[in-house]
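Take a look at this one chain, the form predicted on its own, written out in structure tokens.
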């Protein structure tokens, strides 16, 4: 089977999957559960000088694979992380990434003690890009441990931000974070679904996968370097996409909340099989595989469609849902009205048995 071990900034991980900072990384016990389930590394809840005081409620499932949340940083004191939780997680065999936020002053005060507590790497988190560079500079003075700068898909010009972080002393980038602010409402009461300011929250899970992939690819095509790709990965196929986009390792947060820690074992097994099926011996072979196909400029050559009548199930989707009414199916024949077809490709994407395909 394909090898899943990866080297992340000199730290050997048994798996490319990392439990990202979030609700399930609230304590050493939870970090160890993820490790035993198959996570290659685990990130602490973000440690700050003052513990979080969360609103109620602050997390809700709004669609399959997708959450809206207003959960803040760790609700455990920094001292407890440093003296108890991090040492306990390390003693239990976890590869621990210490998450520290959100200001230069906190980086100055916390990065050194968090690193000395046993963390293998440090991840810095900021609410805005103007805070990140001073944090990186301050952290670099506090430790020789590898530093990841966590950038947000909400920030403009991620390649520039990532390059600035690297110049300031970051060894790699975590891209990205939940997306927002966003809002959902209860149609019976009119109230927001979560109890934060104005009911605004942050989107995570399946809905943000395309945003996360774009963020990773932008950085991989720009300054490059080690990248932990985070956002929306719930199954092995999506993890492979993240690697194809240039990620070194793949962060998982919402999927573990929705499906439990067993998701790590399923992701490992599924990814290994996907790599085997494509003749890839390991993670390195998949990393950045798609970057050669990502180039500026629109493609203007029309699609070439093929139809397999034997595997067609007569669901009628390609005919009934074509925005332009271009297809007619009378198995074993399918006709296409080229005068009205826009070659948008939608019909191919909604064909359940994949009997309708397009090359381009």
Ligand SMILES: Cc1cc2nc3c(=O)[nH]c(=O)nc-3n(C[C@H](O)[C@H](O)[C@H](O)COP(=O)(O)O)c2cc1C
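Here the structure is a predicted model, which means the values were calculated and not measured. Residue numbers count along the first chain shown, from 1.
Below, we refer to the form predicted in complex with the ligand, which is not included among the displayed structures.
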| item | value |
| --- | --- |
| Answer range among 44-52, 297-305, 325-333, 310-318 for contact with the ligand, defined in the predicted complex as heavy atoms within 4.5 Å | 44-52 |
| Answer option from 95, 125, 136, 263, heavy atom within 4.5 Å of the ligand in the predicted complex | 125 |
| Option touching the ligand, based on a heavy atom within 4.5 Å in the predicted complex, out of 88, 145, 72, 104 | 72 |
| 4.5 angstroms heavy atom contact with the ligand in the predicted complex for residue 59 | yes |
| Touches the ligand in the predicted complex: residue 177 (any heavy atom, 4.5 Å) | yes |
| Contact of residue 78 with the ligand in the predicted complex (heavy atom, 4.5 Å) | no |
| Distance check, residue 230 to the ligand in the predicted complex, heavy atom within 4.5 Å | yes |
| Every residue of 162, 211 and 215 near the ligand in the predicted complex, heavy atom within 4.5 Å | no |
| Heavy atom within 4.5 Å of the ligand in the predicted complex - qualifying residues of 132-152 | 150 |
